[in-house]
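The chain below stands alone and is given as structure tokens, in the form predicted alone.
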Amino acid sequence: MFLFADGAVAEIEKKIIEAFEVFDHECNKTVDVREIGSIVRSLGCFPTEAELHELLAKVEEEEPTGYINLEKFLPVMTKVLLDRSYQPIPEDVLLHAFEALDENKCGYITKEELVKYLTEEGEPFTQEEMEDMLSTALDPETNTVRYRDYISMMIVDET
């Protein structure tokens, strides 16, 4: 565990509060529990659904209300950011995963193949997640995903 200067922690907490406030529509230091994933991702963290549920278990009230309070969220999310948890998957790992699905080694995957893999295997995508991905990834002329291009669009710049 690294030791952080108080200023660094204060800066992290400020970022968390700012992200939280975007979704605090009532301005009462609470957000809808369904917004937590968006807040976490806006802070550069990319947990799986299972990891997101674990995080929610730490910040929800003992009697769930459907809302998350900033005072419970802030220390948990500060630790997540300090520990650099839920980092994005590296580019080479993504490329290897797509190449494994590309049985013909042609540099693309058809829409049908991708939908099948992502909705029937592993941690399945929801319909909304699938539509979001296809709206970005799919080449409408060929109905395929050229995965090297897609990975280039997805990569988070660490600078």
Partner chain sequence: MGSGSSANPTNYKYSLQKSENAFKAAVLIQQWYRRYVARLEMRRRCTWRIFQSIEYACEQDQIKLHNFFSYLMDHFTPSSSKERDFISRMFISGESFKEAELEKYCDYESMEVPDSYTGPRLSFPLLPDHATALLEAFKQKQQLHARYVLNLLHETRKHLKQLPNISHVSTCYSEEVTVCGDLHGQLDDLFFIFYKNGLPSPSKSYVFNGDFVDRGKQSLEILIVLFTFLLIYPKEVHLNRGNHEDHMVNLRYGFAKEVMQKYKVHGKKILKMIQNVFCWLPLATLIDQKVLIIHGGISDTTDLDMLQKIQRNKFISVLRGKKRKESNKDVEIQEINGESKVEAESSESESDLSLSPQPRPAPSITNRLEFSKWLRQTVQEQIEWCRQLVDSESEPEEPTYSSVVSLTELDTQCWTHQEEWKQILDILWSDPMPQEGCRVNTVRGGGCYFGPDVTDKILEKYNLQFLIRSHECKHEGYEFCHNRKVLTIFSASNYYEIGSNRGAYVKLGPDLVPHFVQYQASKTAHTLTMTQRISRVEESAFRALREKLFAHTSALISAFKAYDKDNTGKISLSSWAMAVESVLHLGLPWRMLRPQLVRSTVDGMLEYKSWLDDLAMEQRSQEHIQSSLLEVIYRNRSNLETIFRIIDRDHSGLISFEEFRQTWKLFSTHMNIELTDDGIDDLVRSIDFNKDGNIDFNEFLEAFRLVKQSQ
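Residue numbers count along the first chain shown, from 1. Just so it is clear, the model here is predicted, and its values are computed rather than measured.
Heads up, the form predicted together with the partner chain isn't pictured, but that's what we're talking about next.
Contact check for E26: a heavy atom falls within 4.5 Å of the partner chain in the predicted complex. Residue contact with the partner chain in the predicted complex: E63 places no heavy atom within 4.5 Å of it. Proximity of V33 to the partner chain in the predicted complex falls outside the 4.5 Å heavy atom cutoff. When contacts are judged by a 4.5 Å heavy atom cut-off, S38 counts as touching the partner chain in the predicted complex. Along 40 to 75, residues R41, S42, L43, G44, C45, F46, P47, T48, E49, E51 each place a heavy atom within 4.5 Å of the partner chain in the predicted complex.
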